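Form predicted on its own, single chain, as structure tokens, below.
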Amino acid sequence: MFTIYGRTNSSNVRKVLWLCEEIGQTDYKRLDYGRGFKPCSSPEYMALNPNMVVPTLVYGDLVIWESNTQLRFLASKHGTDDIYPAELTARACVEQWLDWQLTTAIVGIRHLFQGLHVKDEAFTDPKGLEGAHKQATGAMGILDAHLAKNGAYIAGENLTIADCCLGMYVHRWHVLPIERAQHPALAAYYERLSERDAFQKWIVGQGV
């Protein structure tokens, strides 16, 4: 058994829980930490994760902070080669999208989520929201163009941790109260993900 520290309305926690469901690793303990629950600034949590963010994965004596690293670890330990390829070229195709999520995909959508859903005043300025919408539209356009020529999923015909990483933000793009450009491949991809029980449980079923 391992432990996941983090609330289920956190995007980074949800993508890890989604992967766990996909690979059949559901014998874990989850503890609520973060906004609205036990504070990440508490001494016991900071002893595990000095960054004071969720999730934190504790697996035996191993403590992992970063959610994308958690995806890599869990998929390597418990997943199949389909979900995290061992072959170097195939793995690089997956890895680049995990990095792209951190540098590009999250930027505009995070701002829109904080401003339009959380109502955090730091993100509600109209000009900031306009810029975030433009950035998110561009990012989703990149993903749409890639999906149009690449296949059913981000790294080909099989679900990988690249999908577990990015599917959360594709979900938010489709459910936030915003104007959306026509991205047919992206829309078809979202429908495809929505047919998966694990995606329904941990992404769609947990709200925005």
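Remember, predicted model here, so these are calculated numbers, not experimental data. Don't overthink the numbering: it's just position in the shown sequence, from 1.
The protein also exists as the form predicted in complex with a small molecule; that form is not presented, and the subsequent description refers to it.
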property	result
Selected contact from Leu31, Ile178, Val58, Cys40, since only one has a non-hydrogen atom within 4.5 angstroms of the small molecule in the model of the complex	Cys40
One residue of Val118, Ala122, Ala92, Leu102 in contact with the small molecule, assessed in the model of the complex (non-hydrogen atom, 4.5 angstroms)	Leu102
Gln25: touches the small molecule in the model of the complex, heavy atom cutoff 4.5 angstroms	no
Heavy atom of Asp144 within 4.5 Å of the small molecule in the model of the complex	no
Partner proximity in the model of the complex: Met140 to the small molecule, non-hydrogen atom cutoff 4.5 Å	no
Leu48 within 4.5 Å of the small molecule in the model of the complex, heavy atoms	no
Candidate site Arg7, Ser10 and Val53: all three near the small molecule in the model of the complex by heavy atom within 4.5 Å	yes
